[in-house]
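This document opens with one chain alone, in structure tokens, the form predicted alone.
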Amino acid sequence: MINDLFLRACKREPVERTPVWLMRQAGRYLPEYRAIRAKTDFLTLCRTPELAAEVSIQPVEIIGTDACIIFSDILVLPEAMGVKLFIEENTGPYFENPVRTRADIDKLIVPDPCRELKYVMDAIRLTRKNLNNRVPLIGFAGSPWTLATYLAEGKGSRNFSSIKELIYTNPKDAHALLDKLARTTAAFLSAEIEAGAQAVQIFDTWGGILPPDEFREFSLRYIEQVLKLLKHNGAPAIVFCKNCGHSLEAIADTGCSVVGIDSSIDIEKARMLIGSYTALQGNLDPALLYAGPDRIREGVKRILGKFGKGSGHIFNLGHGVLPDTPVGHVKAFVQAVKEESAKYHK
């Protein structure tokens, strides 16, 4: 590996500078990505390994990130379980038949990821080949809770009434769904690692809609199950739970290597709580990238200063890159991390 800073930081090993990558780094803010998307729809892009590999590598070459994340979508996994997925340009993803009853749950299959999701594995293998050991490759999946949320709601939601009705009125059914999703997610992530992913990230996008007790029961419990079932072969596992600062220690106790934190969490406090046994990833506000390079550099310096000296920090945003972010500002962000972080590792 020519640049293994990311992998070393995941393991809290010494590094020369803080590695940096961005959630949603392959996406609409890049003109090169938009040029490819103009010729094909989103799901076809995900299902075509050559195109997925190309857009995955774009940020490494254009922005200079220290890791590459495979281009895909968390919802391809529940689709492989037998629920037809549609993605429309203006309304986003939706499932034609939401999963809300025990009969719906029982109909879901536990797929063989090397068969039903072969295109993801092929994209990972091709991306690893084309990266030629320049930087590590990250695979990913949604958390069981986040996938269950999309399945029950059928689409994006403001109040999440369907999934909350399920957990409060039929908790046994909810646990049956989450258990099936956990087993499916563990098999999927294991297959990604087998195909060549050198780290994996679990995205718990909707963990923060739950009160702390329910978060532990319906989300964190199943993230921990995924990690216990994961055949990781030494690949670090990152857990990112959005809006879950109330449970940092519980997240770290799942057995993950890295805890991703959103912009609402003070990284200095997070390091005090869990930095002695997990690495931290984050956590610049994505909206700060609308500002000019000088203001971006100030934000980078502030977070580096809060984390302080030593290993175990992967610089990232507190959530994904916003689609209308200027490319030059993303480049300025990455460059600022590279230039300002070295003094914290001497």
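Being a predicted model, the structure only gives us computed values, none of them experimental. Position 1 is the first residue in the sequence shown; the rest follow in order.
From this point on, the text means the form predicted together with a small molecule, which you will not see here.
> Honest question, do R24, F71 and H319 all end up within 4.5 Å of the small molecule in the predicted bound form by heavy atom distance?
Every residue of the spot touches the small molecule in the predicted bound form.
> Okay, which stretch from 26-34, 309-317, 278-286, 292-300 lines the small molecule in the predicted bound form, with non-hydrogen atoms inside 4.5 Å?
Flagged stretch: 26-34.
> Under a 4.5 angstroms heavy atom criterion, identify the one residue in G82, P171, G156, P211 near the small molecule in the predicted bound form.
Contact with the small molecule in the predicted bound form is made by G156 alone.
> Quick check on this chain: which one of L220, I238, L75, L230 has a heavy atom within 4.5 Å of the small molecule in the predicted bound form?
Of L220, I238, L75, L230, the residue with a heavy atom within 4.5 Å of the small molecule in the predicted bound form is L75.
> In the predicted bound form, does F140 come within 4.5 Å of the small molecule, counting heavy atoms only?
So F140 counts as contacting the small molecule.
> Applying a 4.5 Å heavy atom distance criterion, does T205 contact the small molecule in the predicted bound form?
Yes, T205 sits close enough to the small molecule in the predicted bound form that at least one of its heavy atoms falls within 4.5 Å.
> Would F215 show up as a contact with the small molecule in the predicted bound form if we use heavy atoms at 4.5 Å?
Judged by the heavy-atom cut-off of 4.5 Å, F215 is well away from the small molecule in the predicted bound form.
> Within a 4.5 Å heavy atom cut-off, is P98 in contact with the small molecule in the predicted bound form?
Contact with the small molecule, no.
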